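What follows is a single chain, given as structure tokens, in the form predicted alone.
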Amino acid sequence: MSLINQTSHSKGSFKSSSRRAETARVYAHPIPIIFPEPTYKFLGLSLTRPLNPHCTAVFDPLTRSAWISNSGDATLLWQRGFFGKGDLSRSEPSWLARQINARQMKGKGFTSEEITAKRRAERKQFKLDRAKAMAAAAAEAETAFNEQGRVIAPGIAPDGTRIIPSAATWKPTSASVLSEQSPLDVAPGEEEDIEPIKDLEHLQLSLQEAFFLVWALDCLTILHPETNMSFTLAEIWNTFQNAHIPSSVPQLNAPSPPRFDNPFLVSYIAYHHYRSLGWVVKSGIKFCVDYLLYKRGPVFQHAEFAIVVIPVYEDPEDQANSPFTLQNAEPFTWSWLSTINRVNSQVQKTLILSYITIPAESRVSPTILSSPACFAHYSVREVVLRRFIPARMRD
């Protein structure tokens, strides 16, 4: 190997390693709480207190979520545990960064949404160029057969090279790719007169994420959408359960009647189970599942597991008398299961069926539903499902 290739390879490796180091530094903390290095000053006991930020969110009953409008709180919760989702972004709240990047026309620091848009534009242009090349090769072969009576291989040049581009050889042209997404031109002298961009994005937390931050970590305060007063833990407990009961305003009274099969409780059991095991839990609606499990987070690697939450009633009478229609509570068909498994197998995810056993009301009194102490009566069982591929699994 030449010295030039070694130098270019080392530069590329240095840039890649520096990016990974910066990403690891920014997302170093798995939860919002930071535990500093302990200092032992008295009888060998640590006097260092954990740093627990107190973020603020507003409950929204229509979307069944909690909104964080403060950009500092939104960035903190995303970088420390990947909580929530930007309502104007694919995942990380980056709408303001995209707008600033488009206005300044730097084109250097792309956000995840811009990278995805660029790749899609390149893929679209590649398909168009390949279709044109295939049509031209077919026309050339037909002309040669009609005029000269000879048969030629379409898409093959006389020297044996391929005329039709492939994904490995095709290179995008900057004009074709950037024409669809080029930002507005701004003259250098006009930048000072442009009105500053107001951040219109907020971080949207699911009810499961919000309750985990409130109850398990005690780093989030939720406000009433009308009075702007902070909820107590008991009020949050009741309000989140009532969110699945049709109502125009959040109800602070206890659910009537309280039930073990409340959709919020069933989904939170699964969310808390995997969060407590160290996984980063995100919504899996994109892949037709309930949750996706990331080992470290979306910025490091793709999700490894796809979770389908399946409620199981300990007493069938509770299901017959329930006002709720829980998803996947009824026996599913094999075609549905095969479809879900195939979708996730194609994206290199292992499908897990997570069975949440709902305690029977005849065994456990519903009065225990007045607090999160009822979680101890639920159980979680997991079944790993993998698609059998004969060509790959013969050994």
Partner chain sequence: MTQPILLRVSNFKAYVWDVDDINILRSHHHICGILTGTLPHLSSQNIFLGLPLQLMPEEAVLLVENGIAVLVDDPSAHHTPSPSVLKSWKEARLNDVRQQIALTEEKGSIEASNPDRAMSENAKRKRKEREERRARAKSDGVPCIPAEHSPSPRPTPENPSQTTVGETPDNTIAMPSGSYTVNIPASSSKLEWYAPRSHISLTIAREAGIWLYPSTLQERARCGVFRDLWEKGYYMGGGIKFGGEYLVYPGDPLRYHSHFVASVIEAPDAALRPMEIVAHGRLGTGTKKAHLLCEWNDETQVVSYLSVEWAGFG
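In this text, rigid core is short for the largest set of C-alphas that superpose within 1.5 Å between two forms. This is a predicted model, so every value here is computed, not measured. Positions refer to the first chain, counted from 1.
Form predicted in complex with its partner chain: not shown, discussed below.
Heavy atoms within 4.5 Å of its partner chain in the predicted complex belong, among the stretches 221 to 229, 93 to 101, 202 to 210, 278 to 286, to residues of 278 to 286. The shortest heavy atom separation between residue 26 and its partner chain in the predicted complex exceeds 4.5 Å.
Interface residue remark: residue 63 is not counted as part of the site for its partner chain in the predicted complex, having no heavy atom within 4.5 Å. In the predicted complex, its partner chain stays beyond 4.5 Å of every heavy atom belonging to residue 75.
Residue contact with its partner chain in the predicted complex: residue 347 places a heavy atom within 4.5 Å of it.
Remark: none of the three candidate residues (71, 114 and 198) comes within 4.5 Å of its partner chain in the predicted complex, counting heavy atoms only. Residues are counted as partner-facing when one of their heavy atoms sits within 4.5 Å of its partner chain in the predicted complex; in 337 to 353 these are 338, 339, 342, 343, 346, 347, in sequence order. With the core held fixed, residue 142 shows a CA shift of 2 Å or greater between this form and the one not shown.
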